[in-house]
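So this first bit is one chain, no partners, the form predicted alone, shown in structure tokens.
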Amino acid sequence: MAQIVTIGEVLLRLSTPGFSRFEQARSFDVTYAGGEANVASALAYWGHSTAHVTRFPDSPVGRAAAQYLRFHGVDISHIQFGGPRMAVYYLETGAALRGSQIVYDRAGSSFATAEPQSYDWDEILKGATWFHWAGITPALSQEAADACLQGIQAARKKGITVSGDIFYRSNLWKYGKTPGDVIPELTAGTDIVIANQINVKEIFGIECTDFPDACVKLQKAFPQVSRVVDTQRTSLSASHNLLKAFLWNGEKMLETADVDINPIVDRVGGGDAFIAGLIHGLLTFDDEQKALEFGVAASAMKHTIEGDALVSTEAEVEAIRQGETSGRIKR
């Protein structure tokens, strides 16, 4: 199986019990979460060798976060310890007509303040075949953006496939840069881009009529990009969604059927599960359509699992891809 490296912040996730509102909560359920780390952990469950790059505070909480990743099969040997604090996010899970809410508390975290030169990319990427980053990382600080760029550039020199999820959180950009200032340089070194028509316009200033037009123009602007991928979610309620995906490979647009997800247990991490499934599919199957479908099935599976991590076998995801969605008891 492949060796995959991811970079990004991991946060302490504090969730209200059940479907309680923040105002009602008198305790929180604790786990750990981070988009890129979620990708690594899902891939580890499917037999890949994965490693995550980040920094935690040298404290019991930081060490617990590292052990959480190790528990899910992720190599933590490249994780640093130091810096001021653990990033945190608070989650209130919605239901029916009420959407979920997330509140971030991550400014000045250990990862955001780590010096870019502290990462030994030659050592980190030794033997790697895939490197994955996401748009949240360069939003955190100039240091995080520089570290992400250095990782991409090192991967390029080694001929490693690079994927980038350029979706970003606009309220995280607090250090004087905008996505348009930073993400284009990262995209220039990326092979597979997860994006939508709005991202392409807002980040790159590319006017486009629809997603296929955005894909064509993005590839023209960034010749390194071989595939552009997007998901489409139809939200019937907080507990009932339809999910499908699209992949442009430079010649044609592939599309999956909708997967009906009802009821949703926990949708946080669903996008990360899709990316993990897509990466696994592209590495495993000689069929882009099947790879795209596997990504959607992985995301659908994640919606049934509490916490950010997708805990599943390849066979379970493949069964969903093939249409086994009855939820029958397995004996």
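What you are looking at is a predicted structure, and each value in this text was computed from that prediction instead of being measured. All residue numbers are counted from 1 along the displayed sequence.
Beyond what is shown, the protein has a form predicted together with another copy of the chain; the following relates to that form.
Requested in this report: Could you check which residue among R233, K201, K158, K177 gets a heavy atom within 4.5 Å of another copy of the chain in the predicted bound form?
Outcome: Of the candidates R233, K201, K158, K177, R233 is the one lying within 4.5 Å of another copy of the chain in the predicted bound form.
Query - Candidate stretches 72-80, 149-157, 190-198, 125-133, one within 4.5 Å of another copy of the chain in the predicted bound form by heavy atom - result: Result for this chain: 72-80.
Query raised in the report: Are all three residues E23, Y45 and N262 in contact with another copy of the chain in the predicted bound form, where contact means a non-hydrogen atom within 4.5 Å?
Result: Every listed residue reaches another copy of the chain in the predicted bound form, so yes.
Query raised in the report: Can you check whether I206 is within 4.5 Å of another copy of the chain in the predicted bound form, heavy atom basis?
Result: Judged by the heavy-atom cut-off of 4.5 Å, I206 is well away from another copy of the chain in the predicted bound form.
**Report entry** Proximity of A51 to another copy of the chain in the predicted bound form, heavy atoms at 4.5 Å
**Finding:** Heavy-atom contact with another copy of the chain at 4.5 Å: absent for A51.
Query raised in the report: Are any of the heavy atoms in Q322 no more than 4.5 Å from a heavy atom of another copy of the chain in the predicted bound form?
Result: No, no contact at 4.5 Å.
Query raised in the report: Are any of the heavy atoms in G250 no more than 4.5 Å from a heavy atom of another copy of the chain in the predicted bound form?
Result: No, G250 stays farther than 4.5 Å from another copy of the chain in the predicted bound form.
Query raised in the report: Who in 288-313 is close to another copy of the chain in the predicted bound form, meaning a heavy atom within 4.5 Å?
Result: Contacts from 288-313: A300, M301, T304, I305, E306, V311, S312, T313.
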